[in-house]
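For reference, the chain that follows is the form predicted alone, supplied as structure tokens.
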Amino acid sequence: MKSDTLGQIQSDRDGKKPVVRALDLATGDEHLIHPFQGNSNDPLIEAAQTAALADKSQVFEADGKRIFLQVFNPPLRMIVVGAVHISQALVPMAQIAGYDVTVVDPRRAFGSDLRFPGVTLSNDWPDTALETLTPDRRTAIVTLTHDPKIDDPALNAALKSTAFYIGSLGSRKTHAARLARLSAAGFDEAAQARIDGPIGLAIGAKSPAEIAVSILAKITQTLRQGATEAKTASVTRPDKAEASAMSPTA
């Protein structure tokens, strides 16, 4: 790899930009592709997009050429809105799975170092926090407060981003009311459909830890299989679990 290529890859990673190195296996010629910048019908760029989304390097063959597409994606990120019981279980799971996690909660009694030691915390309101965090297509956003005053601003900001996953805690009744508010705010059905609600895979989860497992599983499914394939029935949260999730005590 040429030194200037390596330098550009590092710069792109620092700027949280996916980049793919295209190496001609016959000639050794190389160039970089930024797969999500602009539109193109070029099959090579489309192949680079596919490789970046799959987070897996691959060989592209066309016109007698074999091009190795080496993927350099920025780290995965997760923004968790609501420093609740489910978050306390979800955060360490997500960190083990390779996510750089930020917990957002304007309620300082919830979003404290005591309850989330060693975790990046923001006590800004979610819309302000997300503006600063600039979620991208390598970011998952999860809202868990079950409080429209906090979750709705987060969802408004999330739907304006390219986050690959957006999920929100609540029963089907709660989610229907949420969608009605988003519709009134100007978000169409396509935008609303981006929200996984009720959140998580339908595995019958009840406790905060089980719900956290279902959430991370759904995020993983969406990341690896795509949003369309991952559209499965979500978990309906019992009121007891929702009440437990909202408790500020550790």
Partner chain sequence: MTESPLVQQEEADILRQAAAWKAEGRDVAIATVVSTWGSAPRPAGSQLVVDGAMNMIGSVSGGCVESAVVQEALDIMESGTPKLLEFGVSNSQAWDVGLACGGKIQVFVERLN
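This structure is a prediction, so every number in the text was calculated from the model and none was measured. Numbering follows the first chain given and starts at 1.
From this point on, the text means the form predicted in complex with its partner chain, which you will not see here.
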| item | value |
| --- | --- |
| Contact at 101, 134 and 184 by its partner chain in the model of the complex, all three, heavy atom at most 4.5 Å | no |
| Contact test in the model of the complex: residue 28 vs its partner chain, heavy atoms, 4.5 Å | yes |
| Contact flag, residue 224 vs its partner chain in the model of the complex, heavy atom cut 4.5 Å | yes |
| Partner contact for residue 22 in the model of the complex: its partner chain, 4.5 angstroms, heavy atom | no |
| Residue 62: touches its partner chain in the model of the complex, heavy atom cutoff 4.5 angstroms | no |
| Partner-proximal stretch of 40-48, 63-71, 193-201, 207-215 relative to its partner chain in the model of the complex, 4.5 angstroms, heavy atom | 63-71 |
| Contacting member of 76, 93, 119, 159, with respect to its partner chain in the model of the complex [4.5 Å, heavy atom] | 76 |
| Within 161-200, the residues that have a heavy atom no more than 4.5 Å from its partner chain in the model of the complex | none |
